[in-house]
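A lone chain, given as structure tokens: the form predicted alone.
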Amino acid sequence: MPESAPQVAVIDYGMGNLFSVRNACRRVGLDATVTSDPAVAAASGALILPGVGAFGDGMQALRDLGMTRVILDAAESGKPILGICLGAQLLMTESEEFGRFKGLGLLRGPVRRFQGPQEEGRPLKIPHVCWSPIRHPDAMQAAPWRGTLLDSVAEGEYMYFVHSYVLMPEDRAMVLSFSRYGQVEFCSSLRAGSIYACQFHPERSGPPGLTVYANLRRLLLERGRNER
């Protein structure tokens, strides 16, 4: 790792594509550690919460590990947090997946199942498993993603998705990007301060996805310079 490699913790709660995330981080110069130790996570410069699986199981695993307090404290301190797929959903208020479960509540709004996506009158399969473009809510805005983790990602770039449930933010101002599955428009990424949530998998999305991690490195280097 180069000397300027900021430290990030990839939280291991038994439900994520952990090593693909770690490898993507390392490719762009982040010193990424996969950990289930709250102390290690708390000492890092940023938290990455990946995940694949059921919402309720994910929340229970975080509680069992003592990670919920670490994540909430990180958010309060302004430490960057990136939630990916299930990890993004866990940052929300609640989910209806297999019941009703409370989330971390760092991003206000529920997680709901896809409602009747169709194409040419035919129902589409759920989960949504494919490459889909991401677009900014205000496509006419010049460089709409400047200064965010999507900085330098092209409008309409394709990202890789695997999900049956979608983010439903209460505040549209939090929406970084939206995507479509059939006729259903859904939020594909969110931002609230230093907290980011991506429904897509950056680590599986080729060069545009690596840009997300490169932007995280840039953000951490800027944060370090400002704290000196």
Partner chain sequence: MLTKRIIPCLDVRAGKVTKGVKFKGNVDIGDPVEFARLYYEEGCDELVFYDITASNERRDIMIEVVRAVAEAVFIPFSVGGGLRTLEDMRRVLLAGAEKVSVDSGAVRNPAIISEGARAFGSQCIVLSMQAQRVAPSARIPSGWEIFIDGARTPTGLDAVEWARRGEGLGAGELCVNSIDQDGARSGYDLPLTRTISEAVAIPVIASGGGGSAQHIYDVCTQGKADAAIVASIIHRRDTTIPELKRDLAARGLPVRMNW
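Numbering follows the first chain given and starts at 1. Quantities reported herein were computed from a predicted structural model and do not represent experimental measurements.
If you look for the form predicted together with the partner chain, you will not find it shown, but the lines that follow are about it.
- Three-residue candidate spot D64, R69 and E96; no residue lies within 4.5 angstroms of the partner chain in the model of the complex by any non-hydrogen atom.
- Look at 39-47, 54-62, 198-206, 168-176: in the model of the complex, residues with non-hydrogen atoms within 4.5 angstroms of the partner chain sit in 198-206.
- In the model of the complex, the partner chain stays beyond 4.5 Å of every heavy atom belonging to G78.
- In the model of the complex, the partner chain sits within 4.5 Å of a heavy atom belonging to Y158.
- In the model of the complex, at least one heavy atom of E119 sits within 4.5 Å of the partner chain.
- Proximity of K125 to the partner chain in the model of the complex falls within the 4.5 Å heavy atom cutoff.
- Taking a 4.5 Å heavy atom cutoff to the partner chain in the model of the complex, the one contacting residue in 181-195 is Y181.
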